[in-house]
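A single chain, nothing else alongside it, follows as structure tokens in the form predicted alone.
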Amino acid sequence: MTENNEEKTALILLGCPQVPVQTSMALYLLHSLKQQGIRPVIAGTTAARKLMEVADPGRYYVSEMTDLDDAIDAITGKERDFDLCFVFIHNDSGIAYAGTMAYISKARLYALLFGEHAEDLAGEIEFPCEVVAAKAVHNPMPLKRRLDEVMQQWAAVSKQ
């Protein structure tokens, strides 16, 4: 978490990259966070991290990456925490990861639900978080629009 004048940080959790929009939306989110002066950290499965490495070979957006379980262990062990946490969700295990983050982290939590069953999955969330859901599988624009709305609201509140 941010202490006094330290920069703000955001954790982006990426699960199995089965749905195509995850990688492009993660890169878009990294861009948006950096534009706001927030340092993003990617935590993901091996496949998700490899896709991010290939998509950003110059590490322009991806500055720090770690294993998903290692990030959770660090937060649980009170070694690290974040100001914001964005969990990409397209199945039940994504909801479980978001639920875990809701209980172990002090970060403001955003559940980014996408895929064919985004709305159904959103109904399963029973923990405190901001839900951003859109039926986006191949076309990232529905999720991008929803995320932009939430980010604009968050930016307006954080400037007050």
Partner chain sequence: MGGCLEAMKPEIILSQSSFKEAREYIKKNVREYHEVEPGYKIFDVHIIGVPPLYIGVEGEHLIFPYTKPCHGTFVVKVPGGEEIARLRARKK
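Residue numbers count along the first chain shown, from 1. Everything numeric here is computed off the predicted structure, so don't read it as measured data.
In what follows, reference is made to the form predicted together with its partner chain, a form of this protein that is not presented.
- Using a 4.5 angstroms limit between non-hydrogen atoms, residue 140 is distant from its partner chain in the model of the complex.
- Taking non-hydrogen atoms only, residue 63 never approaches its partner chain to within 4.5 angstroms in the model of the complex.
- Although the partner is absent here, residue 84 sits far enough away that none of its heavy atoms falls within 4.5 Å of its partner chain in the model of the complex.
- Contact check for residue 122: every heavy atom lies farther than 4.5 Å from its partner chain in the model of the complex.
- Against its partner chain in the model of the complex, the set 40, 109 and 148 makes no contact: no member has a heavy atom within 4.5 Å.
- Note on the partner interface in the model of the complex: the residue among 29, 95, 134, 52 having a heavy atom within 4.5 angstroms of its partner chain is 95.
- Only one of 111-119, 30-38, 53-61, 66-74 lies within 4.5 Å of its partner chain in the model of the complex by heavy atoms, and it is 66-74.
- In the model of the complex, 16, 17, 18, 45 are the residues of 9-45 with at least one heavy atom within 4.5 Å of its partner chain, listed from first to last.
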